[in-house]
Structures are given as structure tokens and as C-alpha cells.
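Only one chain is shown below, in C-alpha cells, and it's the form predicted alone.
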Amino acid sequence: MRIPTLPTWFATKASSAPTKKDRSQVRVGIPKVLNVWSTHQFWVGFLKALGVQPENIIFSSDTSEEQGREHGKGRGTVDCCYPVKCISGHYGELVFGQKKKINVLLSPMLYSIPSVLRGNVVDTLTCTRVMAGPESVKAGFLKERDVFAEQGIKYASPFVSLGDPHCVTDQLYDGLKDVFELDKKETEHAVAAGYAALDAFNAKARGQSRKILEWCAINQKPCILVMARPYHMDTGIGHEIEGELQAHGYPVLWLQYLPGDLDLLNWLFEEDMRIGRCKNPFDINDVWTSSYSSNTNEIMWGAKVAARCPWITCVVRLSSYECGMDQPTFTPAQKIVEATGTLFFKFGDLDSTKPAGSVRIRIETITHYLSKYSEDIIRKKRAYLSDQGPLLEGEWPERPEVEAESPAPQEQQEQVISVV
């Protein structure tokens, strides 16, 4: 009996899958800069799905003067944006400052980013200077010789529209196929894993913010909203101002992780929607029609939320030196916040120096006004809202009566909205 040896040995079975590439030993360095602060979990989820081990995903440390002097000296770029100039120190730390060398330096150019306001604004684009930052800083490592090639490092700076998920698979495949030897199918799977990781992290962070608001509602205590760009979470960019405030016992919420729960937001914006001033709680067209920039959109939305939420009695605005994207928003954001009596303080023109003395004086001023006026702010802002709110189960603490000489609640609301 003849046995068909060759077809049995060498035939390709229909169910056979391509061999999965072993990337367990690939070490990937990611500069912890700019919008990586709000999208980092996407990159962790994406790389893990490709087989990169978690311990081999290395983020640079927070920005510091020592980092810039040791690792970025002589490789800086001429740029008025301090957060962009700082990138050279992060690149240098990943290239020269690792005990075990990295194989890939991944520094994405983010054209758009995910946002809770998506669908209610024109677009969620990033600042063009921030988007192009990785490429401009890379030049400092190539101007004399190719530092990346000398160190055996593959430099990857894919152009990515994270705010447009339908584009991302093609963009990352085109940008990283030669770096990780990708195929289209595994790229698609890794992108889905990245979004799942980012969504899970954001949901958890927003859930924690809601718990803070619930605690404030139960105890009738104030909290502070930090209104800033994602990179101000970097201790070298934001100078830990929010930490100083929290040390005085005031809970701190970050703009990027405000709760997006409809039960809460519908309650805060119910009067605005009733009179047709906004279509839904995420609509900012009543205050900002040029809604292209993601971070700017969220700053304006955060101002609206802060103006209406009783327990956010203070907004602290952080802005870096000569930030052109922030300049047009300073006055309108402040007017929105202060329309309901909410406190507003701004730390503008932050750069590499940390004037500890002046920061300490400002912190003392903020905490003084918080302790003096928060109770009254909570009382007045609660008077603008309906009795039933979602942050407390059962009975609310006694709702304050509006003072006799003040307008009726409906008239107060109309006045506040007209100012906003």
C-alpha cells in the first residue's frame, strides 16, 4: 500500500496560523511627556498584546533639572514651549541612563486623542507644537551623528490619531511594522487591547473622582479641581502644586478624570438643558464654538462643571510659559467659574524654575479663602440645583434656603447662565 508521504509532511493545513513572534526580550522605552500622560495605558496594553513583557516597558522618570543637565545637555531644541524642550532630557535618559539598554525608543506623534467630549465638539486634536515635538527633539540626537544607531536602538515615532480609532490600526502598522515585524492582524488585535486598557484605566480614575465627590457630599466638605493639561501631572512641569494643596486636607480632582456619569451631569446641567442653552452635559457650544483642540475643549467643559458642582469650591488653573493654546481661554474660563462664586486661582507661566517661596504664599492664600468661603459657596450652589441629587442615597442634608434679598432660585440660575 502506497503512503502519500510528501503531501502528509509538507501540505499546509487550512487551520494553521502564522507563528507568533517572540518579543518577550524586546525592551521598549517611552518618554513620559506631553499627552503620553493621558494615553500611557494605551501603549502599555498595545505592547503587552504584542508580547512585550510588562517589565520591559520602560517609562522615563518625571521631568527634572538634573535629568535635563545629565541627559539632554547639548541636544535641546529651540522652542518657547517648556514641556516640549524637556523631551530631550527624557530621550537622553532612555538612551544613556538605563542599566540594561532599550531596543526601541517609542515616541508617538499624537494628532488627536480620545476625549469624553468626542461627538459634541468639532474635533479632539492635540496642539500642533506638542504633536510635532518628538520629531523636532529627535534632531538633537542626529545633528552630529546618529546616536540611536550607535546605541543599537530603533527610533519609532508613529503618527497616530488616537481620537479616531478607525485610523489607528493602519497608522501603527505603517509606523511600526519594520520595528516590531508586525502583521496587520496582530496590529489590529493589539490596538483593540490598547483601547481596552485605556478605557479601563479611565473608568477607574473617574470612578475614584466620583467617590471623592460622594465623600464631599456626605460630609459637606469642599474639594479642588485642578484645571490643566495632562503633562502638568509631571512633578517637574506642574511643580507638585496640587500635592501642596492636598497636604492641607483638601481632596483634589484632575480635569482629565472628572466623572462622566450621566446621572450626575444631567443633574448639574438640568436647567441648562431645560432652557435649551446646551443639548447635553457634554455640549460646550454655548461657551466655546471653536472646539477643535481636545485639551482646550476639556478646560472649558471643566470650567462649566466646576461652576455648577456645589462641592468643587475652588479651581486652580495651571499653565506653562507662553502657551499659545491656553492664552485665549484664560478670561472665559475664569468668568465661567466665578459666575457662581466659585474660587479661581491661576499659576501661569510655569517653567523650569520653582519659586518655592511664592508658591507657598499662594498656597496659603488659597487655603485661607477655601476655609473662609467654602461653606457659603456650597450653600449657594446647592440652591441653584434641584433637591434630588445622585451623590447621596436617601435623604440629603438640609437644603439651604435662599436669602430673602437674593433672587429666587430660577432667577439666580438665569443670571448665572447669562454670565456663563
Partner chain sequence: MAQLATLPVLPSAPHYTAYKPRPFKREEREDVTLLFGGLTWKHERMMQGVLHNLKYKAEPLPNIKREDLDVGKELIDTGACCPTIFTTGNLASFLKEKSATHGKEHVNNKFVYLTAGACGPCRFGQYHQSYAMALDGLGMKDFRMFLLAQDELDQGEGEGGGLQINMPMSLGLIWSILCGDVITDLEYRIRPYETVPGQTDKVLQESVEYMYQAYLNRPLQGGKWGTMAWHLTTDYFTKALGEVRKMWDAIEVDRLRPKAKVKITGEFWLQTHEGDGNYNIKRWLESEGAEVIPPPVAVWLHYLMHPEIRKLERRQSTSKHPQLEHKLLQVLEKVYRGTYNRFRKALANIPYELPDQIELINLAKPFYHFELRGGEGHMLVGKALYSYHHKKAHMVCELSPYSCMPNTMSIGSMANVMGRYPDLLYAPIEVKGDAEVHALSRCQMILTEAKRRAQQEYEETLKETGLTVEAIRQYEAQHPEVKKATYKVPHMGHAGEATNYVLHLARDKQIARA
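Residue numbers count along the first chain shown, from 1. Worth saying up front: this structure is predicted, and the values here are computed from it rather than measured.
We do not show the form predicted together with its partner chain, though everything after this point is about it.
Undergrad: Answer for K143 alone: is it within 4.5 Å of its partner chain in the predicted bound form, judged on heavy atom distances?
TA: Yes, K143 lies within 4.5 Å of its partner chain in the predicted bound form.
Undergrad: Residue-level contact is defined here as any heavy atom of the residue lying within 4.5 Å of its partner chain in the predicted bound form; does I237 satisfy this criterion?
TA: No, no contact at 4.5 Å.
Undergrad: Contact with its partner chain in the predicted bound form for W288, defined as at least one heavy atom pair within 4.5 Å: yes or no?
TA: Yes - in the predicted bound form, heavy atoms of W288 and its partner chain come within 4.5 Å of each other.
Undergrad: Quick one: does A383 come within 4.5 Å of its partner chain in the predicted bound form, counting heavy atoms only?
TA: So A383 counts as contacting its partner chain.
Undergrad: Tell me, please, which stretch of 210-218, 257-265, 332-340, 193-201 lies within 4.5 angstroms of its partner chain in the predicted bound form when heavy atoms are compared?
TA: Selected stretch: 332-340.
Undergrad: Please pick, from A156, I153, C167, M233, the one residue with any non-hydrogen atom lying within 4.5 angstroms of its partner chain in the predicted bound form.
TA: Among A156, I153, C167, M233, a heavy atom within 4.5 Å of its partner chain in the predicted bound form occurs only for C167.
Undergrad: Taking only heavy atoms into account, state which residues of 249-280 are within 4.5 Å of its partner chain in the predicted bound form, ordered by sequence.
TA: The stretch 249-280, when checked against its partner chain in the predicted bound form, contributes E270, E271, D272, M273, R274, R277, K279 at the 4.5 Å heavy-atom cut-off.
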